[in-house]
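One chain is shown next in structure tokens, namely the form predicted alone.
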Amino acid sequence: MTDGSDGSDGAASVLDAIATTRAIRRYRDEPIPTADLARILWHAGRAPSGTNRQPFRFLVLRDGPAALEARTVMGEAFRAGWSAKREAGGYRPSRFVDSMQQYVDRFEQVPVIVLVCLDRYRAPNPYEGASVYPACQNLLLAARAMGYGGALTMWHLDVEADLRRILAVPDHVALSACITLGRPEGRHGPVRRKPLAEITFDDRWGAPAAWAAGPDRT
């Protein structure tokens, strides 16, 4: 992917990456080189944040003793979470269901897990996500650009107390998201999403936006 400094070609590359970045839950059994991991996180750290305080922090779990213990705890929580969701949702057999089952079954073997945290500088508030979730999207897009894939989840919150103890996370730090990373077993590609006209209103809630049309190829 280019940096966009050459004009339209760079813009097209960025837009193509956005349009083809899907949640990747199946990973090859191979590590992510530290140079690649550093590059991904560097780009994640370019994200905007409130008053440019840059309060996001990346807690990387690979194969250290604390990471292995956290992986075990999270794997059990993820399998329990998916089992409950699958039963309550009445999901029919599908590629999504298969990928989710493999995801939780092999969670402990995910090459890299990143807990994206928010180092709070004030009391919790409803708007603090604006200072951390742009970094999550940057992370996923950077991984996509480098041939990796990831998935953002929140099931880690089911064992938040255990993770804080195992990983020595202080109370003022929020565990805002969990992102798994690895080399995809499959590939990225065009994603299937609702039509733009279905999710866009003009002037008031529910009012159709006649101009809301996606690219012809979608």
Ligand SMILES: Cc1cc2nc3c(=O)[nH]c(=O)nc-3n(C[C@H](O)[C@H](O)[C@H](O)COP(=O)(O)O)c2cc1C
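Note that residue numbering begins at 1 and tracks the sequence as displayed. Quick caveat: nothing in here was measured; it's all calculated off a predicted structure.
Only in words, not in the display: the form predicted together with this ligand, which the text now covers.
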Inset, instruction - Answer yes or no: in the predicted complex, does this ligand come within 4.5 Å of a heavy atom in every one of 25, 103 and 191? - result: yes
Inset, instruction - Verify the contact flag for residue 67: yes if a non-hydrogen atom of it lies within 4.5 Å of a non-hydrogen atom of this ligand in the predicted complex, no if not. - result: no
Legend entry - Contact test in the predicted complex: residue 154 vs this ligand, heavy atoms, 4.5 Å: yes
Inset, instruction - Work out which of the listed stretches, 145-153, 163-171, 59-67, 38-46, brings a heavy atom within 4.5 angstroms of this ligand in the predicted complex. - result: 145-153
Legend entry - this ligand in the predicted complex - contacting residues of 56-78, heavy atom within 4.5 Å: none
